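Quick setup: one chain, the form predicted alone, written in structure tokens, and binding and motion questions come after.
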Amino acid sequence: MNDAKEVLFEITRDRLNTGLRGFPVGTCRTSKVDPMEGVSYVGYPIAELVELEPEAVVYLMLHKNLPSDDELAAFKKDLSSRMGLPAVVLQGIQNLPKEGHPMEWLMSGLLLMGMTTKTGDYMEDALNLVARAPELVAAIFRVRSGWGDPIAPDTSLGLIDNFVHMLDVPGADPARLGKVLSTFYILHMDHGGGNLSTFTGKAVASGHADLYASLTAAMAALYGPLHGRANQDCLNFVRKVGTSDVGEVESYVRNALANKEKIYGFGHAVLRAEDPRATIQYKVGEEICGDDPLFQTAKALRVAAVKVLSGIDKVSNPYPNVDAVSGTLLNAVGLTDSNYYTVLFGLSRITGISAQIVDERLRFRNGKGAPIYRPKYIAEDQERRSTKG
């Protein structure tokens, strides 16, 4: 922007009470979403980054450039040195009520971590969170699912291999599980600056709340069924369809639409082509669980749902999004309880949100940081009144 007074968006009355949709309120240095090309991180297409080690993509988010081999080795060593949760955090997790949703457990765990490990330095806390969040999430899985006590991290392993080690999913193949989780982790790491969870986390941090409190608020935003729980709903939808016959799936989709039911996993607020994150996951599915019945159903939906939705004028994007097949892959490699899928989403998104908070607090406005968020609301239906008649 060459002109600081450039008009980016016209604010008219019909734009009020629309969830700030499309309103530019700031800048984002970590990622962007192009309608046709999809998500990129710091200019790199997501399809290229998914082949890298997860730590390299974390480094990119925080430093805005990919690491050299030496930088990556040093970064991995640094993250490993930060691993390990205080016993009081793990004990707190074990005392949480099983009736609580896994996301409520994640929020509780983040608050416990903030009480016991925060430094007050946004970058230091971001690095500590990235290093320790996998242990927190693994403990949530194990304790709440009844798999056993939390497993200590193995600091000789990388982030995702260590996460697989600490999960120790009963009956799962570690290699297949690691492939899916590594892919999931990178693909969900960031998604521009204006999605609800990221915006919430940055808004809370703008009041100079610490990173743990800010991330807890972000995870509360992610918890909602219109945001982070979409992958859970998508798997349940695939299960409900229950067939991989394309013709039968097409009939199911048409009947569902006629009954005003949702077609989960298709469409996107910004994209106008198939989400490249979905394309990547379909490819991974072919490699590791091509014969899985639910994956076969998801593939049939990729054909049938697009065909049906493409014929509806008001549908601007009939294509699969990131949630269309992610739950199916997680289920295929042993993570069969979809209630935990948003926690995995949160584990990944912690990195992107932390990186954006670091930018807003430490780097924007020549190091002064972005000011506290304070949008204007217009008073309505509040004509002057009096209790005195």
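In this text, residue numbers run from 1 along the sequence as written. Everything quoted here is computed from the prediction, not taken from an experiment.
Form predicted in complex with a small molecule: not shown, discussed below.
From the list 93 to 101, 291 to 299, 70 to 78, 188 to 196, the contact stretch for the small molecule in the predicted bound form under a 4.5 Å heavy atom rule is 188 to 196. Although the partner is absent here, residue 341 is not a contact residue: none of its heavy atoms lies within 4.5 angstroms of the small molecule in the predicted bound form.
Proximity of residue 268 to the small molecule in the predicted bound form falls within the 4.5 Å heavy atom cutoff. In the predicted bound form, none of the heavy atoms of residue 239 sits within 4.5 Å of a heavy atom of the small molecule. Heavy atoms of residue 202 never reach within 4.5 Å of the small molecule in the predicted bound form, leaving it off the interface. Comment: the small molecule is not present in this chain, but in the predicted bound form one of 227, 283, 307, 118 has a heavy atom within 4.5 Å of it, namely 227.
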